[in-house]
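Shown here is one chain on its own, the form predicted on its own, set out as structure tokens.
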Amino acid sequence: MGKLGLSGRTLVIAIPMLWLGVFFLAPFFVLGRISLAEALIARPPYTPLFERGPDGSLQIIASLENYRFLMTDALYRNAYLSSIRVAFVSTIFALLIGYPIAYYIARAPEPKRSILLLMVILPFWTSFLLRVYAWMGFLRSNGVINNTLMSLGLIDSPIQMMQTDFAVYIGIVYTYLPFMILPLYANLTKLDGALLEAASDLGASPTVTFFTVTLPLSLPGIVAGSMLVFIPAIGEYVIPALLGGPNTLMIGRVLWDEFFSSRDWPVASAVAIVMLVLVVAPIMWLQSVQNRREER
């Protein structure tokens, strides 16, 4: 390494940077380039970015028409808004369910924690698609839930749960719940027990201690878990396609239709670029807020 002028630290940094460059920046630039083209019936199905003029000069042919189209077409606006709504509501439910679970695991005796964590991770040992299909068996009209409620006499006819937004929320929250629990658990286990004892010595009740000490200190875990749920949920395609109905409009489904049904790659690329900006912008804002807090 010394002969090449590379220190160990440089090499350690270079490997992830190379990974990001190859698998994130390069596809991003390719998408950006296609989003500035026009659809064309050919291979590739979009116009070239560079073209020779009549005088032999090289001309750049780029247009923002696809982005203007996205801003003016109600279908895409509704798809973005619907995706943000579904992802936001799913993240809130995942937080409400995941926080008590993570808190309980963090406060459990050491031998018991491993078993509880295993139960959280265990669903990952099966295919994501199989888990979504399993929910279809629970939610359909003659599924487990409706049959149980009817056998107990609580309902007279099956409740329509499949092909609704409710089923989409169930699928997303169930699928991404471990992504909320694990960062919260990691944060809560680092919580200084002396602070809780001090609050108790000063006369604070367990509820007051939780809202004044535990909850504020676990904010980094809440933010990390929320991002890990919100980001994949906003571009989710499989769950809305299998559990949602025709009225469930999400940007992942629109993206699939544009790429593989309409074969309008430039518009599809513009859709992907805008979606990426919508996801990255709040992350950068949160990172900026966190950096300012650490500097104080």
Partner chain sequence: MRGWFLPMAVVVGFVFLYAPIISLVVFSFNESRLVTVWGGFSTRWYGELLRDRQILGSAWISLQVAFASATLATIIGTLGAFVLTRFSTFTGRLLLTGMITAPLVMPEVITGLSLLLLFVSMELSLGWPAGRGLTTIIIAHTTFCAAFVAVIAQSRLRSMDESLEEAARDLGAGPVRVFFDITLPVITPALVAGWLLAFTLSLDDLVIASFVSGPGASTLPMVIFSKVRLGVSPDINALATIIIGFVLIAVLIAGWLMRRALRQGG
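On a predicted model such as this, the values are computed, not experimentally measured, just so you know. Positions refer to the first chain, counted from 1.
Form predicted in complex with its partner chain: not shown, discussed below.
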query: Looking at the partner-bound form in the predicted bound form, is Leu255 within 4.5 Å of its partner chain by any heavy atom?
result: yes
message: Since only the chain is shown here, I'm wondering whether Gly245 would be in contact with its partner chain in the predicted bound form (any heavy atom pair within 4.5 Å).
response: no
- request: State yes or no: in the predicted bound form, is some non-hydrogen atom of Leu31 no more than 4.5 angstroms from a non-hydrogen atom of its partner chain?
  value: yes
task: Using the partner position in the predicted bound form, report whether Ala79 sits within 4.5 Å of its partner chain, counting heavy atoms only.
output: no
- request: Mind telling me which stretch in 151 to 159, 71 to 79, 84 to 92, 128 to 136 gets its heavy atoms within 4.5 Å of its partner chain in the predicted bound form?
  value: 128 to 136
message: Using a 4.5 Å heavy atom cutoff, which residues in 261 to 292 contact its partner chain in the predicted bound form? It's fine if the answer is none.
response: Trp265, Ala268, Ser269, Ala272, Met275, Leu276, Val280, Met284, Gln287
task: Tell me whether Pro183 and Leu18 end up closer or farther apart in the predicted bound form, going by their C-alpha atoms; the shift is 3 Å or more.
output: farther
field: Ile231 and Phe23, C-alpha gap in the predicted bound form relative to this structure (3 Å or more)
entry: farther
